[in-house]
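Given next, in structure tokens, is a single chain: the form predicted on its own.
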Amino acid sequence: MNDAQPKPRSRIQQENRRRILDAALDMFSQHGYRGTTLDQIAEAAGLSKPNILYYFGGKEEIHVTLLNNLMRTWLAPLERLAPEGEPLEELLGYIRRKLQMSRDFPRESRLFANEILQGAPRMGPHLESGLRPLFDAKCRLIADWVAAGRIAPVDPGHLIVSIWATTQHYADFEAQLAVLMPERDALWRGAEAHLEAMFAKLLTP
């Protein structure tokens, strides 16, 4: 039995993997999985196609690696919704974190959206094993807050989905918003103020 640990990647290997994943994120977020080729990823990364295949088994492995990394990042804001906190502030804080993620990680948001639009062929198991238990737990927490009269009556599941819809829109439809609201800083300030006011009105008992 071989108990040898995998050899650590060199700095150059780590950098090349990072370049490949960053280039692939650009391509997948723009063209979707089906519309992206290894040749496109190689050109965007400034590496040869054989070099890409030295680090990854193919397009699907690159895509799955990005999705795995994304799920860890994507679940973090919902995980931080704390039972011991003040319910309204916890929920408004969640909205702010989701909006900040849309601002900081628009490519990742579009990668996720494209995967879901295709029926989640590669992310389905993660949705079942990672997102679903967390979603159910936070729905129970919100239901407890409603039952205790700490926030206004609201359907917990639809509340969370509404937060996703309103915050992630700013990343997924960035090109449209660049035309309609071209002043970027004003867009994000206005979005945060509007969403906080809207959800505070909905949730205040």
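This structure is a prediction, so every number in the text was calculated from the model and none was measured. Each residue number is its position in the shown sequence, starting from 1.
Absent from the display: the form predicted together with the DNA. The rest refers to it.
For the three residues T65, M71 and Q100, a heavy atom within 4.5 Å of the DNA turns up in the model of the complex in no case. Remark: T167 does not count among the residues lining the DNA in the model of the complex, judged by a heavy atom distance of 4.5 Å or less. The shortest heavy atom separation between K59 and the DNA in the model of the complex is within 4.5 Å. A residue is said to contact a partner when one of its heavy atoms sits within 4.5 Å of a partner heavy atom; Y54 meets this definition for the DNA in the model of the complex. Within this chain, S48 lines the site of the DNA in the model of the complex, having a heavy atom no more than 4.5 Å away. Proximity to the DNA in the model of the complex, defined as a heavy atom within 4.5 Å, singles out one entry of I163, C139, L38, V146, which is L38. Scanning 10-30 for heavy atoms within 4.5 Å of the DNA in the model of the complex gives S10, I12, Q13, N16 in sequence order.
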